[in-house]
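Below, in C-alpha cells: the form predicted on its own, a single chain.
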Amino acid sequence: MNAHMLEHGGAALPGIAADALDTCARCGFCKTGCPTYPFGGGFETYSPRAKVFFLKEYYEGRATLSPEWVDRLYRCTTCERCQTVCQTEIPLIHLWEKIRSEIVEQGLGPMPAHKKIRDFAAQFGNPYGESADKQAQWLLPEHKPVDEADILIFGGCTASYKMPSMLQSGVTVLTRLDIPYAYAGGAETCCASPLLRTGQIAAAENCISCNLDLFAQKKARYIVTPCGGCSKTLKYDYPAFARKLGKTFDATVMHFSEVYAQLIREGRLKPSIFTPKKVTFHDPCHLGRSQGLFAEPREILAAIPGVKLVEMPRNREESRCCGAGGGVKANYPQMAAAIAADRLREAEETGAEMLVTMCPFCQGSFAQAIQESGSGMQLSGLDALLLASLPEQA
C-alpha cells in the first residue's frame, strides 16, 4: 500500500489525510478542547482522537460507516480547536469535511436538517427558504450602492435575512466616508459554507459557480462581508473551486472587521463618542482560528473611547465555540444551545456588562442563550458598538 494513499472500497483518500491518520499520537489534547465531546455521555468514541482512530480503521477496511458513526462524525462544529492544539499538526478539519463528503456520496448522510438546507439552497439560493426579492431588504434609505465599484458587498444569507444590523452598520460606515460600493441584492447566492461543512459538495458547487459568475460580472477588486463563515469560504474555498470550474476569481476577500481596522489605522474612521462599557469579546471560530483575525476586533475596541475590554480565560486561539458551526445548530439544536450557554457563563464570570462578537451565527446563539437563561448580560455586535461611537459624519 502506498504510504500516501489509503484505499477503501475503490476510493482513495488524499495523501494529506492518509499521512494524518498515520501521524496521530493518540495524545488526547484534542479531546480536552472539543466543544461537542462533553455531550457524548463520557464515551471516548465522541472525541476527535477516537474519530481519527475510526477513520484509519475505516480506510484500511476494518470498520464500516454505521449510523452511529455517521452521527458522531456530524457532531462537530468544525471550530478548529482540535486542529490548533494537535501536537502533530494533523489537518483535522480537512479530515472531518472529507469523510462527511464521502458519507454523502454513499447516501448515508447528511443529517435530516442538512438535507433541508440543501433543498432550500437549490430552490431559493439560501438555506432559509427566503425569496430572493427579500435579500436586499436590509438596505436603508441613505444607502446608495452603485453598479460597479472596487468594493462589492456580499451580504451572506444569515446577515441578509436574519441579522441585518451587521450589514447596515458596515454599509453605513462606507456611506458616511463616501467610499463607493456595489451590491447585487437578489442575485447573490449562498456562499455554500453550510453545504461544504456538511459534505454536500455537488450542491455547494452549484452555489459557488453562480457566485463566481456574479463576481466576474461585477469586476470588483474587493469582496466585503460581515459573516465569518462567508469570508472564510470565499477566501479559502472559492479559489480552488474556481480552478476546478475553469472560472476566474482574483478578488481580495475581506471581513468587515478588517475594513474597520484598516480605516482606523488610516485615520479615516475616528470613534469619538464616549461609550462607558465594560465588555468581553468572543472570538468567532471562523473569524479567529480560521482567518487569524484576532488583533483587528481588539484594535477596534481599543479605538472606542470609554470601552474597557476584559478577556475571558479562553480567548483568541483558545476561544470556546458558540455551538453554531458545522451544521450542529441545525441538526443538534439542544447541544448547540448548551455549548452557547457554557460560553455565556464564561463571559458573565469576567464581570463584563456586555458580550461583544462579530459573527451573525455567534450573535444569534448568544441571543438565544441570554433569553433562555434570563441573563442580564447585554449583547452587541462589534459593528454596532463602533457605529454608536461615531459622529454622524464619521
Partner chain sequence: MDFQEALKQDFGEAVSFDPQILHSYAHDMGEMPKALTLMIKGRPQAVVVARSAKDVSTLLRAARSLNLPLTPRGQASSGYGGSLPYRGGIILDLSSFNRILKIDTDKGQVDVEPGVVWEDLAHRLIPHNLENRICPTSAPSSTVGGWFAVGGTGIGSLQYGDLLENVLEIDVAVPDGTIRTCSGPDMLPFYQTNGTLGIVTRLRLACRKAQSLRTIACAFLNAACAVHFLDTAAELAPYSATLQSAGYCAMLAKAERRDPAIQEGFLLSLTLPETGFNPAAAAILAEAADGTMLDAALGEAEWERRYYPMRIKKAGPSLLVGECVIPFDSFAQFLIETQKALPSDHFGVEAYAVKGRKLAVLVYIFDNAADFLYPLRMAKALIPLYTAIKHGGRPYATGMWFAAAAKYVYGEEKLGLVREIKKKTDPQNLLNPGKLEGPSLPFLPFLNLSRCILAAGKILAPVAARLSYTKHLRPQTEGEKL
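Source: prediction; values computed, not measured. Residue numbers count along the first chain shown, from 1.
The following text describes the form predicted together with its partner chain, which does not appear among the structures shown.
Using a 4.5 Å cut on heavy atoms, which of Met354, Cys27, Ala338, Ala367 is close to its partner chain in the predicted complex?
Going through each option in turn, the one that passes is Cys27.
Heavy atom within 4.5 Å of its partner chain in the predicted complex: which of Thr248, Gln87, Gln217, Gln106?
The residue in contact is Gln87.
Segment assignment from 323 to 331, 48 to 56, 356 to 364, 338 to 346: heavy atom within 4.5 Å of its partner chain in the predicted complex
One stretch meets the cut-off, namely 48 to 56.
Assess the spot marked by Asp22, Lys31 and Tyr37: is its partner chain within 4.5 Å of a heavy atom from every one of these residues in the predicted complex?
Yes, each of Asp22, Lys31 and Tyr37 comes within 4.5 Å of its partner chain in the predicted complex.
Tell me, yes or no, whether Asp213 is in contact with its partner chain in the predicted complex, where a contact means a heavy atom of each within 4.5 Å.
Residue-level check for Asp213: no, no contact with its partner chain.
Touches its partner chain in the predicted complex: Glu311 (any heavy atom, 4.5 Å)
Answer no; every heavy atom of Glu311 is more than 4.5 Å from its partner chain in the predicted complex.
Partner proximity in the predicted complex: Glu205 to its partner chain, non-hydrogen atom cutoff 4.5 Å:
Judged by the heavy-atom cut-off of 4.5 Å, Glu205 is well away from its partner chain in the predicted complex.
Taking heavy atoms and a 4.5 Å cut-off, does Arg72 contact its partner chain in the predicted complex?
Within the cut-off, so yes.
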